[in-house]
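Before any questions on binding or motion, here is one chain by itself as structure tokens, the form predicted on its own.
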Amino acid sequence: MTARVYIPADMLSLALGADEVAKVIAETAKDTDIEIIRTGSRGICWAEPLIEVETGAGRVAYGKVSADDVPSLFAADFLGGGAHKKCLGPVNEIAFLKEQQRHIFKSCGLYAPCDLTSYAANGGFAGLRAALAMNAGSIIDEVEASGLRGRGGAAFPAFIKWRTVMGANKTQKYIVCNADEGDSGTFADRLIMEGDPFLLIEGMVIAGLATGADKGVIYLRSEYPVARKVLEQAITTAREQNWLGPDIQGSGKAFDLSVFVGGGSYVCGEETALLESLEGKAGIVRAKPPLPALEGLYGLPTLIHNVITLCAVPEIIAQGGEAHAKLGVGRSAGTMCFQLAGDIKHGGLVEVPFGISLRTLLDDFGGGTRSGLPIKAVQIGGPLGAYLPPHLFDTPLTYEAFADLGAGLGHGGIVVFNERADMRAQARYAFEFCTHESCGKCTPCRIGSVRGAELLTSSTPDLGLVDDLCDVMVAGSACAMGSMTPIPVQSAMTHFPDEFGVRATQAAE
């Protein structure tokens, strides 16, 4: 009987030596009937490289495996699921994974990323098959019923964009996937693209059918070379198997797509700057209106979503929008793919319905800090997200609850800081980050960020002036780059005032 060993080939696992582990296992097992399958990651980042072995009782996992561990693994009969210090037990019983409710990430790590047969056998293309038999309006009705909102940060209702593009009176339209995942502490898009690329392809094809677009582009950040390789192979395979092309599965409906690699600009995560980059121009934000849904890529109607939003679509169409709407809380429908990073014991991908508390995420899934020091703050939503202190950790993770705090969930990235963090330095970094990444189009962002960093460099900063500067940046910036930079600054000033000194008005009194 062939022994099957599953070894991840995502970027993190490769950086931690997964290729060498696979090589040594193959050499050690040269006289054994063994099949090594390179998969995506399950998102259990704290245990990578996570090696899995198929046994009669299911898959058994071994975590943090190095090439030096291989001889002792064979001695312990790991091919049969034998006991070993690196053994984590049955994969599906690992608490970090067992307590999740995976919908978007249900297939990551199960099989080779470009194994189309396994993808289809695990429910893949069920949504697309259903969409091929539906009219465009009915597809969008299901998206509306689902309550799906953009997972890229703005949380805009997806169906509104879809109806706008569908109603645009143009013969050529586009679907653009924003895969420029540049926020600190985020890696969900990368895990999907490296581990389950057909899910993204399926979501984009369905979006094309609904809006009348027959061309798609994945705008991929340049720092993701593994994702590029996987996506390009998956697109080729999908074309060969007639899931892309001029006549999808004999339906007479067409859709094709390509990968475009960006140039490393953070601001190109903003949809209009992304479009400029796609057109071969400098990544500078456009004035709105016109909206991209009406005048987007090359001036034509364009639907833009991020990876996770598009990957939610196949299940919505396969199971109906109401099933998706029942997950989560209120208008925060469905699941959110949170990413734990920073000083956290169990960093990784956690997919759960909206509504659990931040404390549950940090303690039950994250296991507290890796250092053992108390948590001082968490930043949610990337480098322009708010810093929250422990007394707010019982806040439910919903769009509405975080909006009430003056914060947002963004793309779901959560970075944990322990008690040694210098919060004034973190606030200053927000200004410095904006200075470095600003496209330069508008003065509040370009100059305001420089002045903000200068103010917080002073030993006795004028905090009233910092507040005034933040107000100008919010009101006058052309895009979220400038208007959101004050969020981490002012949240740090609000929740950690002792680290900023006395405000000028207080000193005068």
Partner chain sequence: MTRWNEKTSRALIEETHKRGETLTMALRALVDAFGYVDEAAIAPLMQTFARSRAEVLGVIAYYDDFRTTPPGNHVVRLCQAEACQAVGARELTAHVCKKTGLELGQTSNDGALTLEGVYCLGLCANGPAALIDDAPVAELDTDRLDAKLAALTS
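Here the structure is a predicted model, which is why all the values come from computation and not from measurement. Numbering follows the first chain given and starts at 1.
The protein also exists as the form predicted in complex with the partner chain; that form is not presented, and the subsequent description refers to it.
S.K.: Using heavy atoms only and a 4.5 Å cut-off, decide whether all three of G152, R359 and V472 touch the partner chain in the predicted bound form.
M.R.: The answer is no; none of G152, R359 and V472 reaches the partner chain.
S.K.: In the predicted bound form, is there a heavy atom of the partner chain that lies within 4.5 Å of any heavy atom of L88, even though the partner is absent here?
M.R.: The answer is no: L88 has no heavy atom within 4.5 Å of the partner chain.
S.K.: According to a 4.5 angstroms non-hydrogen atom cut-off, is G342 in contact with the partner chain in the predicted bound form?
M.R.: Close contact exists here: in the predicted bound form, G342 approaches the partner chain to within 4.5 Å, heavy atoms only.
S.K.: V267 versus the partner chain, in the predicted bound form: is there a non-hydrogen atom within 4.5 Å?
M.R.: Answer yes; at least one heavy atom of V267 falls within 4.5 Å of the partner chain in the predicted bound form.
S.K.: With the cut-off set at 4.5 Å between non-hydrogen atoms, does P383 touch the partner chain in the predicted bound form?
M.R.: Yes, contact at 4.5 Å.
S.K.: If contact means any heavy atom within 4.5 Å, which of 246 to 254, 432 to 440, 287 to 295, 120 to 128 contacts the partner chain in the predicted bound form?
M.R.: It is 432 to 440 that comes within 4.5 Å of the partner.
S.K.: Going by heavy atom distances of 4.5 angstroms or less, which of G185, P301, G147, P197 would be at the interface with the partner chain in the predicted bound form?
M.R.: The residue from G185, P301, G147, P197 that makes the contact is G185.
S.K.: Let me know the one among V261, A112, I94, A318 whose heavy atoms come within 4.5 Å of the partner chain in the predicted bound form, would you?
M.R.: Among V261, A112, I94, A318, a heavy atom within 4.5 Å of the partner chain in the predicted bound form occurs only for V261.
S.K.: Which residues from 272 to 287 come close to the partner chain in the predicted bound form, meaning a heavy atom within 4.5 Å?
M.R.: Heavy-atom contacts within 4.5 Å come from S277, L278, E279, G280, K281, A282, G283, I284.
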